[in-house]
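There is one chain below, alone, in C-alpha cells, taken in the form predicted on its own.
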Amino acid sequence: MTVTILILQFFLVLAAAPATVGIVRKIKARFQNRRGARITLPYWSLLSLLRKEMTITRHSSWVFRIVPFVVFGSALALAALIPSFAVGILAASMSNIFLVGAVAALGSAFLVFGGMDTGSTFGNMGSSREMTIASLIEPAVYVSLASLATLSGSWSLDGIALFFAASKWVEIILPASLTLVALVFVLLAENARYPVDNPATHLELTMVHEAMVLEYSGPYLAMLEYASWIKLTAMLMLVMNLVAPWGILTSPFALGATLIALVAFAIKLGVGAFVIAFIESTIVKMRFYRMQEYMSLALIVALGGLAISLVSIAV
C-alpha cells in the first residue's frame, strides 16, 4: 500500500506542477486588472516545446546535453522524497534533510554548468549570479530545517511533517512561526521568484535562472522548465503542509482519508499559489547587489526560529 501511495504522490506532483505555474500567472494577471492566460496554458507550452526542433551551438560539449536529464532527474527525486501529499510512505527513510538538500543542490549545480558550457555572455552571467545566490541562501536553508528537526526530534522531512500533522496547531505555531517565515524566504529564493528573480523577464541584464537556460530549446528546454515547476510545487506543498498541517495522508491509508488528502492537496496548492502571486504583485525585484540583505534577513529569521525551538524544548 505504501508503494501505491508513493506512486500516487509522485504523479500527483508531476500532474499539478504546470497547474501551479498557471494559477500563479492567472492570479497575478487579475491583480494587474488583466484577464490573463488560461491555467492550462503551461501544459500546452510543454507539448509545444516537445514538438520543436533543438538548436545546439557547435561550441557546446557533452555537458550541455546531459544537464537537462540531471536537472529533470533531480526534480523527479524531489517529487518522490518531499512529503507533499502523504507521510510514512516508502521514501520516508530517504527524506533526510541533508540528502534532500544535496539532491536539490545537484540540479542547481548542473544547471550552472549548462549555462557556462556554451560560453555565452548571458549564460555565464546567470551562472555566476546563481552560485552567488546559492552560497548566500544555503545557511538559511539548513538552519531552518535544523530548527524544524530540533522541534520535531526527526532529521527527515517525513518525520517533521508527521510531527506537525500529529501535534496541536496552537502548541507548535509559536515556536515554528519564525522558521516557517524563513522557509518562505527560502522558497522564493530557491525557485527564482520575486524579489530574488523575475521568472517572466525578457531583459537579459536582470536574468538569473532564465539566463542559464537561454541557449536551450525544444525538448531540452521543456525538461528544464518542467523541472523548475516540479521543484516549486514540491517545496510549496512542503511549506503548506507545515503551515496548515491538516489533511495530509497518514498511516493507515484508507480510501476515505486518501480522498480527503486529495481535496486538501488541491486547496493547499491553490492557497500557496495565491500567496506567491500576492507577494509577487506587491513587491518589486531587488537589485542583485542587495541580495545579501535578503539572504541575511532570511538567516536571522531562521536563527530566531532555531532559538525559539531550543527554548521551547528546554521548557
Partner chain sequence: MLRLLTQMIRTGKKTEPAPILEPIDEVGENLRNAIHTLYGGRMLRIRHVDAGSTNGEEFEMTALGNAYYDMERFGLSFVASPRHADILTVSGPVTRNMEHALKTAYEMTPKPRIVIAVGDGAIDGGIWKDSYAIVGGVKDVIPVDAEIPGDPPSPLDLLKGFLNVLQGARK
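Positions refer to the first chain, counted from 1. Computed from a prediction, not measured in an experiment: that's the story for all the values here.
A second form of this protein, the form predicted together with its partner chain, is not displayed here; the remarks below concern that form.
Undergrad: Using a 4.5 Å heavy atom cut-off, indicate which stretch of 236-244, 178-186, 208-216, 165-173 touches its partner chain in the predicted complex.
TA: Answer to the contact question: 208-216.
Undergrad: I'd like to check something about G270: if you look in the predicted complex, is any of its heavy atoms closer than or equal to 4.5 Å to a heavy atom of its partner chain?
TA: Heavy-atom contact with its partner chain at 4.5 Å: absent for G270.
Undergrad: Spell out, yes or no, whether the shortest heavy atom distance between A192 and its partner chain in the predicted complex is within 4.5 Å.
TA: Answer no; every heavy atom of A192 is more than 4.5 Å from its partner chain in the predicted complex.
Undergrad: According to a 4.5 angstroms non-hydrogen atom cut-off, is A266 in contact with its partner chain in the predicted complex?
TA: No, A266 is distant from the partner.
Undergrad: Answer with yes or no whether I39 is in contact with its partner chain in the predicted complex, where contact means some heavy atom within 4.5 Å.
TA: I39: no contact with its partner chain in the predicted complex.
Undergrad: Heavy atom within 4.5 Å of its partner chain in the predicted complex: which residues of 33-57 meet that condition, in order?
TA: Result: N33, R34, R35, G36, A37, R38, L41, W44, S45, S48, L49, R51, K52, E53, T55, I56, T57.
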